[in-house]
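Below, in structure tokens: the form predicted on its own, a single chain.
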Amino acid sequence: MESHDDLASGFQSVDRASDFEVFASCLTLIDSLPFFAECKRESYDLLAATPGSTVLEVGCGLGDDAAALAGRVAPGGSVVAIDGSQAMVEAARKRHAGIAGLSFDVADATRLPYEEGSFDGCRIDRVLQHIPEPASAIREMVRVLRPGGVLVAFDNDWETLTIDSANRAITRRILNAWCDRFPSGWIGRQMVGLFSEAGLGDVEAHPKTLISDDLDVADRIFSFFATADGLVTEGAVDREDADRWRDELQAADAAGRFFTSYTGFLVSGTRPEGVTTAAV
């Protein structure tokens, strides 16, 4: 069922996808939703970047968040934004050309090409879910933080995804399949422990729950029907059952009673003074 164009697993390999616009459109849609815009604003506040600060944005995508951070650290500050995808970095450079103090690089989050203690703050947004071993990325981000620097991450816990449906068995099968297609579908619940294990102090977690009554938008984000169709192709779900499930959700949406929700977690932590790389 997985492919390079799959939104759950495909962000690991955007440069091998047949259609880059699939991923760019997904990011644009998510950024347009008030829920995610508010999560981003709160993450910027937790980062506490001020004029003159140096910030690393890991997994920058189209670069909009990095551009917003560049405004917060101006004048005199800098934002280095990285992504594992050359196509994303090229799109971000084109989209945000000329912003003072903002640069984009292709880099691996688990092997950051920066010296220890290079940044005052580091931010990563909905990226750890796409990394098979997110602990390694967290350790790297802690390594490049200066003592007293702050790491802020927002990410999803996909087993919190809910749909109101009369068919519990099919719903569970589809939602679990969606969760398990992410390399780290449980990262939301794991970040507090991973932050602490990486040596960060003052670790705090803020749960953020999205509720939607719009089936079209929800399906574009959560790929409900594509996941169901994939399970049918695999032989894990009968075509008749999948179609009946789809019809039920569409009828609920038409009647104004469709419901879905999910919870992500905004987590922050500070690199303590005097902690060495070996300790973190």
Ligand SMILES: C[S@@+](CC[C@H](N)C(=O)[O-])C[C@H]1O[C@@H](n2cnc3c(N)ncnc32)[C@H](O)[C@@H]1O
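Keep in mind the model is a prediction, meaning the values are calculated, not measured. We number the residues from 1 along the sequence you see.
We do not show the form predicted together with the named molecule, though everything after this point is about it.
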Can you work out which of Leu194, Leu161, Val80, Ala109 has a heavy atom no more than 4.5 Å from the named molecule in the model of the complex? Ala109
Listed residue that, although the named molecule is not shown, lies within 4.5 Å of it in the model of the complex (heavy atoms), from Glu140, Asp125, Asp120, Asp157: Asp125
The chain here is shown without the named molecule. Which stretch in 55-63, 242-250, 207-215, 227-235 comes within 4.5 angstroms of it in the model of the complex, by heavy atom distance? 55-63
Would Gly84 count as touching the named molecule in the model of the complex under a 4.5 Å heavy atom rule? yes
Check whether Val73 has any heavy atom within 4.5 Å of a heavy atom of the named molecule in the model of the complex, and answer yes or no. no
I'd like to know if Leu33 sits close to the named molecule in the model of the complex, meaning any non-hydrogen atom pair within 4.5 angstroms. no
Test of understanding: in the model of the complex, would Phe258 fall inside 4.5 Å of the named molecule by heavy atoms? no
Using heavy atoms and a 4.5 Å cut-off, decide whether Phe11, Leu27 and Ile131 all contact the named molecule in the model of the complex. yes
